[in-house]
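Only one chain is given next, in structure tokens, and it is the form predicted alone.
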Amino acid sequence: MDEIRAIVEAVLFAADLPVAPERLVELLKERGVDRQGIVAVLEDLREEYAQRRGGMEIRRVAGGYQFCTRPDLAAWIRRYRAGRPPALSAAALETLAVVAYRQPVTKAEIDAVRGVDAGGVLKGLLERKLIRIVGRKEVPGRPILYGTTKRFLEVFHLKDLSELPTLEEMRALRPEGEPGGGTAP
């Protein structure tokens, strides 16, 4: 039963969503466990985490079980996440830079600067709330205009857009020998 307990704990840890006991029974059917046995393991783990008073607990959520941060520690998690910028791909950073420096800007204008279709990247930046729709351009077709958000300023620790580095400052940051950077002739 220790191995089943370890498997259940590992599955809960790895799961993004609550895990239903029935799913665990299906997963462990070759081990001969039934729903009652799985629920007993889940409840035992839940009680163990509750008594331990560590950073996590196991909760019954939406018909399943899930690891969660203890509610009294939520402020610490928010503080941690606020200080950590989201991991962005090079394409996302390029697109974000175009939006930041040229806003309000249309998708077509972003595509022209980057030389590739930015549709998927824009969607991701919208989902992360780093950019937002600020209106529509007054031209035929009325394309959507994009701009940065308050979240963008928070993530990049900027008071306002005037704190964005200038082109000269960005060139100075490039290593020597790289095109447009350093002190190379």
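Bear in mind the structure is a predicted one, so any value in this text is a computation, not a measurement. Start at 1 and count along the sequence shown; that's the residue number.
Another form exists, predicted together with another copy of the chain; not displayed. Remarks below refer to it.
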Residue 36, heavy atom within 4.5 angstroms of another copy of the chain in the predicted bound form: no
Partner proximity in the predicted bound form: residue 27 to another copy of the chain, non-hydrogen atom cutoff 4.5 Å: yes
In the predicted bound form, residue 120 touching another copy of the chain (heavy atom, 4.5 Å): yes
Interface membership of residue 139, another copy of the chain in the predicted bound form, 4.5 Å heavy atom rule: no
In the predicted bound form, residues of 50-69 near another copy of the chain [heavy atom within 4.5 Å]: 52, 53, 54, 55, 56, 67, 68, 69
Relative Cα spacing, residue 128 and residue 66, in the predicted bound form - shift of 3 Å or more: closer
Cα-Cα trend for residue 75 and residue 149, given that in the predicted bound form the distance shifts by 3 Å or more: farther
